[in-house]
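Shown here is one chain on its own, the form predicted on its own, set out as structure tokens.
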């Protein structure tokens, strides 16, 4: 894949934002290979994502940031520039259900994403052999009512030791403490086996069955201190009818969970997600 610098930003909407950024890049011979923009008329906020060929600029990413900083200040931008050559480090958390873990490791092994998986952490020992077969370190960190505080302190220590960029809850069936969520804002991604904001918490497919819904779905979202309430990255649904049992809804849902988590994580890894309050702007 072509070496790229990825610029993402949001700022108060006004005339001249695109012109200022694009002119800056063009003035240095920069080649923009992809550009996406969105203006939110209600919040009067502007969002942008641009990909620039790294070899088209006469300087590296550090100098790119330094030269762009005055423009960012002028427009009051919340911005970042990412170097695609640096592989993001993804730490996966899982419990006993392995379908999302299997899918993520298959995509990693197929080089669908250029990432590193420094470790997998689980509150059960169920998937140790499978993970270690892939050559990935596996950490068993049991979580009980009496050990919960220490367990999550260990999870944070392992994430730091792995130099993790993002923590992925691949059907990790534990509620993270608020302190951990606040420590890593927009760096923890969860797959909820329900179509949020409906059917939060445990057994959402059974909740959906009791409610008689005609669609079941899954939601990939950022984790916050509020349970199942973080900004949504991706969702999808499958149609059901009156003849389906709760076990059918669970089976349909597991297929959706895998694809929704993979899409949502992929958007995050490619720096396509910008936070807008409780919402997200996703440049697909």
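Residue numbers count along the first chain shown, from 1. This is a predicted model, so every value here is computed, not measured.
The protein also exists as the form predicted together with a further copy of the same chain; that form is not presented, and the subsequent description refers to it.
Looking at 126 to 134, 77 to 85, 181 to 189, 154 to 162, the stretch with residues near a further copy of the same chain in the predicted complex, meaning non-hydrogen atoms within 4.5 angstroms, turns out to be 126 to 134. Under a 4.5 angstroms non-hydrogen atom cutoff, a further copy of the same chain in the predicted complex lacks residue 145 among its neighbouring residues.
Taking the partner from the other structure, a further copy of the same chain in the predicted complex has a heavy atom within 4.5 Å of a heavy atom of residue 251.
Under a 4.5 angstroms non-hydrogen atom cutoff, a further copy of the same chain in the predicted complex lacks residue 58 among its neighbouring residues. By the criterion of a heavy atom within 4.5 Å, residue 138 is excluded from the residues contacting a further copy of the same chain in the predicted complex. Contacts between stretch 20 to 39 and a further copy of the same chain, counted in the predicted complex as any heavy atom lying within 4.5 Å, involve 22, 23, 26, 29, 30, 31, 33, 35, 37, 38, 39, listed in sequence order.
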